[in-house]
Ligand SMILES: Cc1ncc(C[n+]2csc(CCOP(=O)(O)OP(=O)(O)O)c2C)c(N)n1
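Take a look at this single chain, the form predicted alone, given in structure tokens.
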Amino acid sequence: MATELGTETSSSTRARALALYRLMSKIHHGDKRVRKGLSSGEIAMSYWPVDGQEAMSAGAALALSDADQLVTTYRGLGDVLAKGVDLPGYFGEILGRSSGLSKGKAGAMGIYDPAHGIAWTTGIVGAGPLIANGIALAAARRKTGQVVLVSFGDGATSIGYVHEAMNMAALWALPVVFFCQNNAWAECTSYDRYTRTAQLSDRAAGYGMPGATVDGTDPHAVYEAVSAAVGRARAGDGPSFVEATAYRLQGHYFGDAMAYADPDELAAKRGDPPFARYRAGLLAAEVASATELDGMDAEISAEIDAAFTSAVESAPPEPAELKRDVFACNGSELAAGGVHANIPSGESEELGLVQAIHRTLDRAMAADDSILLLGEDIGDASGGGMFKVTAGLSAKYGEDRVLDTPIAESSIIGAAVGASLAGLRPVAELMFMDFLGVAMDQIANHAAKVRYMSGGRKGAPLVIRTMVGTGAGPQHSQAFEAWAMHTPGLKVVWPSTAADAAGLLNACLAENDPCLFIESMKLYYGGGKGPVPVADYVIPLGQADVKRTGGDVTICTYGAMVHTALEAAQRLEKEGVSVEVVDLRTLVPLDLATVVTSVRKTTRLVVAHESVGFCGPGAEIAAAVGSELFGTLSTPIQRVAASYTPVPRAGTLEAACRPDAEQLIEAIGRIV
């Protein structure tokens, strides 16, 4: 052991040594109790042991204040027990019981206990640092003095997320401690088989932050290193990287026999476990007696066993719990209905889509200082955004509220998720919708699942603005709304006019769930321009709008295609065909009732969208309407959508790919 306890005799040093022992004992007995339950058949679950890593979690946790925040991973038993997690709630959660912190919905990969500073847990390797940045951003903005420690394994350092997060944290001098628990294994792959870096902490210098590597079997060494990093962060000097090295004494998961490990090395490590070594050191230095330590162990073991037994005996959640907590107020993918809100009458001004969104963001930021913007090039120093949507806002509200980010979409969304967990209302911009794929883990696995994985205790009130391009080729012109609609927990909005954009964006900014707000590049250049009320207003999500009434056929669409539908309707009117155009405006929650009401009247339906038709939103809408109105429909439902191809750069090919008014007229001609 690196720290010589025998040379330290002060009462404070003794107190710290015993505090570390207590935390290590808690982790040791917690891990041992779970493995005992699995071995005996008392329980069945996925579990990732922490045997051999007790000193890491104990030393790091003792260096934090109660108010400091922890973000950890699925191998997080040690971290959360050391931070003081509610034990019955924790064990109930990992066992999938109704008594769990999140009613058994998240399991070990989603421990959330804000009362004890456990800000989030993720089952996605390397994703935690992105979220930690957002939590730290909120702490820095609100001057709370909190530090965020994000714990991850050595294997995570191979993932780009960690590098993105470290770069952003250093750039913004965020109060984050990147705590790498290097247990010598990236799941089942040894350290020397996945990197040539001698010390992972050496990488910190590349981001302009200090890095340190310490003996992760010595809790005092870990405590000292993390304390220094915490002090630096709390003083406003930015992030640090601390690598604690040890050896995982159990398999990657319970049941993994570690056949990949050198048997002699493994036996030697298991013969000298850190917890037993630390205990022996305390006894040898006469810091405590065996009786004192035995008593502490017995007390902790009894506490662990009581909480674990209580969890085992707790009932599993009822099936009725399944669909709760996807959205606030237990909402679903379908709109609840109710009285539709009208855009207010009175004084208006002529605005394009860009101007309407800019005005809405401006007013919202003036009214609510928890709203901040994140994105590439959005600040005035970087041009105010590619399409000038945010021009002037950083000058007006400051660069701490309009944050230019690195070109790192996962970092942008991760920071937004963390900031929303910490009480802010971020608006993140992804410049093109094609980039959704780059950030999809943070969108689908984190933002959209916060409410469900917290058992309804917390949502992620953030807005992701993105834009569907045109004339920019296969990687800058795609529409991926079907991906988003297929993601439970994410609301999806796509306005067709400036007036709708203002009202819908106001609704998104007030939502307690994450919203994807889609804008059409085609409408930036005049197509969406129109009168917008001067007074502020909200168009509630889940309310479609009948843009044109008719009696012969319904066109159901959204976004830029609304204008195409209106053009087709106007042309068909000259031929005596009366077309009703329903603008969905919100795709999730979907206002199916308005569509059904319209089709019940017209008895014919054409569903249109500019994204790929195969397995697109139109298929879901057609199936739902067909099921509801099977006996009412006069003809088969028609779908008009983009071809099953990437969006080409050549104008002639893009025109052939995208649906137009002529295709709508042809589709209607087949059924009228």
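The first residue of the sequence shown is number 1, and the count goes up from there. Since this is a predicted model, take the numbers as computed values, not measurements.
The same protein has a further form, the form predicted together with the ligand, not shown here; the description that follows concerns it.
Partner contact region in the predicted bound form: 120-128, out of 482-490, 141-149, 469-477, 120-128, criterion any non-hydrogen atom within 4.5 Å of the ligand. In summary, among the residues G107, G238, G527, G153, the only one with a non-hydrogen atom within 4.5 Å of the ligand in the predicted bound form is G153. The listed set W185, F387, Y207, Y112 contains one residue whose heavy atoms approach the ligand in the predicted bound form to within 4.5 Å, identified as W185. Taking the partner from elsewhere, H252 is found to have a heavy atom lying within 4.5 Å of the ligand in the predicted bound form. At a distance threshold of 4.5 angstroms between non-hydrogen atoms, R75 is in contact with the ligand in the predicted bound form.
Interface membership of I159, defined by any non-hydrogen atom within 4.5 Å of the ligand in the predicted bound form, is confirmed.
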